[in-house]
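Shown next as C-alpha cells: one chain only, the form predicted alone.
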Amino acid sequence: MTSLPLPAHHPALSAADPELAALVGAEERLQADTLRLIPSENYVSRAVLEASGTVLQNKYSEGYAGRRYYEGQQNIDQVELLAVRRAKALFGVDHANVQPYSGSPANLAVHLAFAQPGDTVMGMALPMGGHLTHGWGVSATGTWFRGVQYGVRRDTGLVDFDEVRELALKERPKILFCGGTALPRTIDFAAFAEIAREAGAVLVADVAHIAGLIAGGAHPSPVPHADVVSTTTHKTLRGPRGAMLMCREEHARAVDKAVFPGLQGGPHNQTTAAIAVALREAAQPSFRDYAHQVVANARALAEELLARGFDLVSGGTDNHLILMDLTPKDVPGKVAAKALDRAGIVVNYNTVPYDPRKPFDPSGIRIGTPSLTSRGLGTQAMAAVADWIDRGVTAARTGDEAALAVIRAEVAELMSAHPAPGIPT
C-alpha cells in the first residue's frame, strides 16, 4: 500500500482503491507544481474532465448515429451528432468522424481508406520531425505499406518543396502526408496540395499538434487544400485523448468505413462527449485569445533562448513548438531533459534533423507553450522560463543538483500563482 496522501476530492475512488487514488492525487500535485513544456501536453477544463467520466462509459455503440448495431442509442446518437456538428462548424469541413480512439489509429484508417498493402505512401521522415504513422519503418504503416520520406534542408531546417516534388513524382505515392511532431514552422498546405495533385496522391494534413491553433486562427487551415485532415483532440485543442478525421464529402464513405468496421468496434462515448465539450470551448472568443497567446509566448521564449546562445532548429518558431539542438551546449538531450525534470521543468528529449546521436539518446530537446499559456502565463514570463532552462542545462552539464533544487523552488512559486485549469485545489 502506498503512503501517499489520499485526495479528498475523489472520495469514491479513495474508498474503493486508495492506492490508485493516491497516485492520481500525486499526479494532480505534480501537474500543478511543475512547469510543463512538452508541446503535446496541455490542461483540459473541469467540464472536459467531467464529460470524460460520465455514465456514457457504460454504453456500446457500434456503428454510426442512426445506423447502430445495438439498441438504446437515443442519447448516444445525439452526443455523437453534437460533436460532429461542432467539428464541422469549427473547422469548416464537409464531413467529420469523431470516433477514432487516438491519432495513430486515425492515421492507420487513412491508409486503409486510400491504399492497399504494399502501396507507396509518403511523409516526413521521423528524425526530421515527422510521425511514426506517416510510413516510418517501425510503424505498421511502414510495415504494411511502402513508406518513402522527405526531410528538411540542412542549412535552414525547412522543407525543400523542390525535393518533395521530385520525390513525389518519382515515387507516385497513393497518400502524401504533411505535418508532424517536431515542426516549429508554418506548414505550407497549398504547396503540398499542388504537389499531391501533380503526383496523383491523396493529401492528408496531420494537424494533431496545431489543431487548436487552427481553430483559434493562429495557424492557416489545411481545409481548403487537403483531401483529409487528421487530428488528435488533445494537445493545443485542449480536449480529451481522442482523434478526428475530417474530409471532403467525396471521401466521407471511405473514411467512415475505414474507422468502423475497418479498424475498431464501438466508439468510446465518454470521449466523444468530452470532444463535444472541447469543441464548444474552442468556438468561444477566449479560445482565440489563448491560441494567439500560445504563439506569442513561443516566439518570445525562442527569442530569449536565442539570446542565451541556444541553437534552435530553423532559427525559431511560428507556432507552439521549439526544437533545440544542445550540441553547442555540450549536453545530450536526454541528460538535459532528466535534469530539467528534477528542476520541475518537464520537457522531452528529441532528435534534431541530421542528428548523429541515437533516437533514445538524441542531441535535442523539444519544448512548447500550450500548457503554460493555459495557466495564464504571458510573454512577460518567458524571460524567466528561458533563464530556468539555461541554468538547468548548465547544471546538467556540471552535475550541480543544488542549482536544480533552487530552480525547482522558483518554478513551484510561480506555478502557485497560476492555478492549473481542471485540477482541484
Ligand SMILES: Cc1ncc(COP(=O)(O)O)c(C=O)c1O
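Residue numbers run from 1 along the displayed sequence. Fair warning: this is a prediction, and the values are worked out from it, not measured in the lab.
The form predicted in complex with the ligand exists for this protein as well; it is not shown, and the discussion that follows is about that form.
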Study note, to complete from the structure: TL;DR on 114-122, 89-97, 227-235, 286-294: the one with heavy atoms within 4.5 Å of the ligand in the predicted complex is 227-235
Revision key, fill the gap. Heavy atom within 4.5 Å of the ligand in the predicted complex, from candidates 102, 221, 73, 264, belongs to 102
Study note, to complete from the structure: in the predicted complex, the residue from 351, 181, 272, 319 with a non-hydrogen atom within 4.5 Å of the ligand is 181
Check your understanding: Taking heavy atoms only, is residue 208 within 4.5 angstroms of the ligand in the predicted complex?
Key -> yes
Review point. Does the ligand get within 4.5 angstroms of any non-hydrogen atom of residue 131 in the predicted complex?
Key: yes
